[in-house]
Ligand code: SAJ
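Only one chain comes next, encoded as structure tokens, the form predicted alone.
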């Protein structure tokens, strides 16, 4: 291929992106992909969303919003005006100028990266995407994935980064339930495999995102995402260990945290809780730890924080034991009512939620466990389904112990405190209330 032809790919794609005339693909229409697709469509691009889930595709094409952080009006508008459509047919990749990969990246049972979803997406891209297009990975993964995992697959086809294909990484920064920061007003980090790759990725996102932050490489962008969430995991691990220490010392960790938080510099307030949950913080640091193990380096802070955080569900159960002992009752045979199973307030996401482990531990000790969560109608714990029960004061009064895991804003704490025989408050939701029936972390 002549140098002139190689330049043509870049120039032509740059012009289509800059003018807003490009057609953009998004693979994965979940909590990351759908908000991104809607913003790209609102920015003027024609967007095709790809997903293997027929239910999501059908809902999306009807304009039915199933991701809480997407504005229903914005979603309906881009569907009605033809700026967005969804499909299961990956052959439609042949019509797009760029494609963003927003698929899950879980860990295996051995805490190794599960690349199967990314691999499947790349299989479809290699089969259908024409030369001269932009491919951006947004799924969180280990540093080096774009250059060491994606690039060789395209090179095996005879395509070179910056010529026949343009590769970049731009980590998703979705915070479910955050009303202040959405896809558009959250700064977006972008790193390319080459300078041309970076330039085109910046061009794509700068129309849909208020602030794009270019960095020197795709690996740097991958590392940025892992630093962000490792920072949170380590600091949560620190404050959770502080909770354990305060318990031994007989002081309130919540009072300590609030007082320390009055310092106007040099301190950032983190709060203890029943354990880590969600799609990022419990998972992402392990990608970095796994990668460093391959390089004969032990990520000690990450591993220590993971150890502390993983102990918190068991610590919550120990508080249940402590509370029931006050009433001369055992966990075995007690009725335990769990409030909230989502991993954070006012969302319906239970991935990695500590509530699931707390329930499993209580069931293993013979407790009869029920739960209420207005955002989560059903869960599966240890292979057995559970369904959310209506929250009534009679049910609270009839339960031996109420365990607050998720402090949804819709809960009436005064009524819950007054109606519960025993309340284990893992979130300090009852701050300022004094009652003999409350036990806090």
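Numbering follows the first chain given and starts at 1. In this text, all values refer to a predicted model and were calculated from it rather than measured experimentally.
Just so it is clear, the following notes concern the form predicted together with the ligand, a form of the same protein that is not shown.
Judged by heavy atoms within 4.5 Å of the ligand in the predicted bound form, the contact stretch among the candidates 258-266, 194-202, 339-347, 93-101 is 339-347. Comment: the ligand is not present in this chain, but in the predicted bound form one of 323, 176, 313, 113 has a heavy atom within 4.5 Å of it, namely 176.
This chain is displayed alone, yet in the predicted bound form one of 273, 143, 162, 214 has a heavy atom within 4.5 Å of the ligand; that residue is 273.
Not displayed here, the ligand is kept clear of residue 9 by more than 4.5 Å at the level of heavy atoms in the predicted bound form. Although the partner is absent here, residue 222 is not a contact residue: none of its heavy atoms lies within 4.5 angstroms of the ligand in the predicted bound form. Taking the partner from elsewhere, residue 229 is found to have a heavy atom lying within 4.5 Å of the ligand in the predicted bound form. For the chain shown alone, residue 236 is a contact residue for the ligand in the predicted bound form, at least one non-hydrogen atom being within 4.5 angstroms. Taking the partner from elsewhere, no residue among 66, 373 and 376 has a non-hydrogen atom within 4.5 angstroms of the ligand in the predicted bound form.
For the stretch 410-438, the set of residues having any non-hydrogen atom within 4.5 angstroms of the ligand in the predicted bound form comprises only 427.
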